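What follows is a pair of forms of the same protein chain, given separately as structure tokens and numbered structure 1 and structure 2.
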Structure 1
Amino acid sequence: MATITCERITKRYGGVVAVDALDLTIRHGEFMVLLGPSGCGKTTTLNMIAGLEEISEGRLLFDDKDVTWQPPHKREVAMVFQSYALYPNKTVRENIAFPLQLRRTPREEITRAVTEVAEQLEIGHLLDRRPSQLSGGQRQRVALGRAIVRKPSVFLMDEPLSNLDATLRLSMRSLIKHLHHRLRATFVYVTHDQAEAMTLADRIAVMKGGLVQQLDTPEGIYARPANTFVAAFLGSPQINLVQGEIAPDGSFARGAFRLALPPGAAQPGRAVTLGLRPEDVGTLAPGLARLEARVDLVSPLGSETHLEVVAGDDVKLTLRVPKEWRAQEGQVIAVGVDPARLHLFDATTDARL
């Protein structure tokens, strides 16, 4: 009982449209990530699903039931907030038990459930403390515990890891992934961290300005970004985007810079934006397009090396190459690019060709 359907959901704050006619179906048991930059409407979307914000227009369905006007406490969703939102006047034990108490769960059952959750999250020794006596990571675990103790069918999480340091974030990330596997509930997870989105999601909805830009699996979004915004938002280092046009011979051209494209990729003369992921370069081999460039900066990272290069007259590119490559600054190198891995976008609409 947990397919969430948003039918043209809109949220307006006065004149500001925070979410614009959102159509989104989140399948039962799915891990859906809403990804986007600050202010794109992720939290607003989540709050509308939770019932914490009124929906200005459109319909929200849980399975086949219209819940557009249902108050949050009737919706059977659990939520984890970016701010944790623990009840400061209650102990950890009372915080976790609170949702069960409100449901008049028998006391023995509450005790058992709280103990079980505390064990899962390794917070058993903290049960009698108050939130003010916990570290950020511990608070986050308690917030998670309060959400999972009810065993709801829908979990909503609003940037639950953004207040944690990098190491803690990684371990919490895998904790959440395990939780999803074990609980088999529907997860809607908001983040602006693309790595979090890629690792956790079954599907990602990339949002911008209140609109969903693309909805697909992480692999799909990475391999076939729907527009330049999505292409640039995912991947680190960022994808190289070069504006230019299609030469008469069907290759991409910008000044002296040329790169062969798959045959028939676009009409000659058309203005396009070329996308090249930094890692999609390798040693020259038959069937690969040749890319010549002068090395400007070498950044060895240990596991790999990032090169900043200039190709043609003014085309700056970032390339990710194996650490064994011993490139020198100032040297001119030639690498191979698989034309099939290049991305082409319309120069005016920014949409994928």
Structure 2
Amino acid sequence: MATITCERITKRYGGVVAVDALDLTIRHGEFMVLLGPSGCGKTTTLNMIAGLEEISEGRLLFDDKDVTWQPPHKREVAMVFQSYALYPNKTVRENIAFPLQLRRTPREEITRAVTEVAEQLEIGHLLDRRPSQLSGGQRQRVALGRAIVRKPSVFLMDEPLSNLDATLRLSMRSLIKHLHHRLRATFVYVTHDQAEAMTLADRIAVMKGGLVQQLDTPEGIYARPANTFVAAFLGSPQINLVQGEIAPDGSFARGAFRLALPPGAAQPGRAVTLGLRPEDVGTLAPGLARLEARVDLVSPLGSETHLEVVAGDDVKLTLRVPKEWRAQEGQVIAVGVDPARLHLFDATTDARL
């Protein structure tokens, strides 16, 4: 295992700053996910940790050892790529064994290590096949095997599941999580998929424009997003964000739309953005704020139902309700909202209040 410390690391491409003075510590044995949209700097950060990209400014430390200028092969890291990067002319056995062969590991030790890794990944029956004879999920298991067999202190994964279909992504996520628990190595995982981030990570660094917007546990980021970008990036359906102001009675107001807030949530007259997660509604009960809205669209999804509604004059919201709800398009419904589960952000800075 290793602790990775990024001390204000920066990457510039000419006049373009891809990563801007990043301070980040990844703990021993932690599963850290770098999450964000395309172009946010997450892959560049991963490549700097791997040594594949030169750091423009700052320092990179592995266990307090400065590796800023150390070449990739001396960093004891293993990378798993989106493209699998397997040798097409080699068998599965030869692909997995290749890193050990480069180290001139004894043949008997290579055979034992390859067999052990193949059993862990349930690909022992594929060892004599070539990559062209494998499915996408099988190829990704071979790529994982090639990384694991080296027994590195750090695993770096760059969107390794993005080429797989939905069912395979689920099974591979489970496999990667089990591997982390078994190996207890430090994992750094890049993705734009919030479901991967939420299910795999010990902590998530949400990135935008080369900057970390928030670093926290999945639960912390979801429950207490630092700003509207983070709030909108995590959650499906996406959080409802409504611009308005704090009314004299302390409630949120936008035109005819009103929603009670916790006492003292913000100063009356302040311009704010209200965040309401679609699942944070339920049947009316004491202590809950009342939300009335007209149903515009009903989308049954089997396990749950999504409602597109209009509240007040023009406030469009998406609500996620139990499958037992029998709402009809055009119907006016009333639901309960726990004021404590609402989110408020400054309308100018987008920062959490």
Partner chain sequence: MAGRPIAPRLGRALLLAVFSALFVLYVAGPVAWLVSSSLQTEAQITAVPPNWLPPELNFGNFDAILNAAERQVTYETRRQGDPATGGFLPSGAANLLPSLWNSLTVGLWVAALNLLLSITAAYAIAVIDFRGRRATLYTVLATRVVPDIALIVPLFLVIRNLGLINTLGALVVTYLAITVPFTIFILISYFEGIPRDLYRAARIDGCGHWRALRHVYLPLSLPALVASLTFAFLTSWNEFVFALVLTQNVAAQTLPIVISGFVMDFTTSFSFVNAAGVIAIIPPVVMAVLFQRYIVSGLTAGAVKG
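Small disclaimer: the values here were computed from a predicted structure and weren't measured. Basically, rigid core = biggest C-alpha set you can superpose within 1.5 Å across the two forms. When a residue number appears, read it as a position in the sequence of structure 1, where counting begins at 1.
In this pair, the copy labelled structure 1 belongs to the form predicted in complex with the partner chain.
Relative to the superposed core, T91 shifts its CA atom by 2 Å or more between structures 1 and 2.
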